[in-house]
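First, one chain by itself in structure tokens, the form predicted on its own.
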Amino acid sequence: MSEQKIDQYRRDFFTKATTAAATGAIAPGVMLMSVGQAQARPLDEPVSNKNRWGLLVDSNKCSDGCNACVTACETENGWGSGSTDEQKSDPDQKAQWIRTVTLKNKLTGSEHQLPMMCQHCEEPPCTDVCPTGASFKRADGIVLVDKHICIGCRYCMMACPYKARSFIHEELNDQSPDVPRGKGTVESCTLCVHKIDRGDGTTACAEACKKDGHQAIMFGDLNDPNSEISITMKKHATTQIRADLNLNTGVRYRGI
């Protein structure tokens, strides 16, 4: 199917969905398309809720000015500076799966930085507003976007309280076979799902942070009480960004 036909399909679908919702043809709370288990599967076993993958970020160990996690994510997943096509585009239109933000204590003036990415919520707002079911959560807690049915409406971008999603504005040719991307669709941190499914046991950001000697990002199974991440979270106080939203995020922080 040509790109022109795909774009027309998306426009027609979005128009029909919007019209149906406006006329009451779709009952409140009913999705246009139900999504079950994720299609991606590990080589030796199916995805299940036995695991819940997540990250623990220790902001006390984040080095000011360090961008290793962002660079590693770009290289691994081929977005932003990691994409030759995006290097030529408007900086404001580049994708951003992970970014560093600086926190400042107004009383003391102290500052420190931390990485911000998709928080892989247990109750993700992005999936609630998606009209096609393209935004979905796998059984193991990873929140993803199905590029085949994403129509680029960007409702999920507006719903995300973490500003963690990006819209692809341009044609992309230099994609990684492990990380399919597409013009006119939305994307965000996948928690390096391809690395998890092939058994690497870590994410690009955690791996790079450890290699740099900071060890500020820890990856692991939040459902396993014997995992390093669970033991650390039990031993030390951690928090969620916007805990007031009760989203039960898969990314937790120390030192904030």
Partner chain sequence: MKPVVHYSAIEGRSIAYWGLLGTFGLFLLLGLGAVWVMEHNGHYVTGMNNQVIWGLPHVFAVFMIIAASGILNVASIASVFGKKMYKPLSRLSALMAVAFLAGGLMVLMLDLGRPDRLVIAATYLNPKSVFAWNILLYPGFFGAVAVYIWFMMERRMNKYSHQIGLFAFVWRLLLTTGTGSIFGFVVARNGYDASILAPMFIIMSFGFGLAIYILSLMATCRWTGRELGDSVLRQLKNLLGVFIAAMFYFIFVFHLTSLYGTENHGFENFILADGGMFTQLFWIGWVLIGLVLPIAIVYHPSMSKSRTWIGIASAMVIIGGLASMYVIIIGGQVYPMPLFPGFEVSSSFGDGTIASYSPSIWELGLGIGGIALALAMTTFAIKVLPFIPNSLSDELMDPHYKPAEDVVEADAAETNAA
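All figures in this text were calculated on a predicted structure; none of them were measured in a lab. Numbering follows the first chain given and starts at 1.
There is another form of this protein, the form predicted together with its partner chain, and it is not shown here; the text below is about that form.
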Worksheet item: Is there a non-hydrogen atom of Gly152 within 4.5 angstroms of a non-hydrogen atom of its partner chain in the model of the complex?
Response: yes
Worksheet item: For Cys130, is any heavy atom within 4.5 Å of its partner chain in the model of the complex, or not?
Response: yes
Practice prompt. Answer yes if any heavy atom of Met233 is within 4.5 Å of a heavy atom of its partner chain in the model of the complex; otherwise answer no.
Written response: no
Worksheet item: Would Thr100 show up as a contact with its partner chain in the model of the complex if we use heavy atoms at 4.5 Å?
Response: yes
Discussion item. Pick out the residues of 145-180 whose heavy atoms come within 4.5 Å of its partner chain in the model of the complex.
Written reply: Lys147, His148, Ile149, Cys150, Ile151, Gly152, Cys153, Arg154, Tyr155, Met157, Met158, Ala159, Cys160, Pro161, Tyr162, Lys163, Arg165, Ser166, Phe167, His169, Glu170, Glu171
Worksheet, complete the sentence: Output row for the Cys153-Lys88 CA distance, |change| of 3 angstroms or more in the model of the complex, reads closer
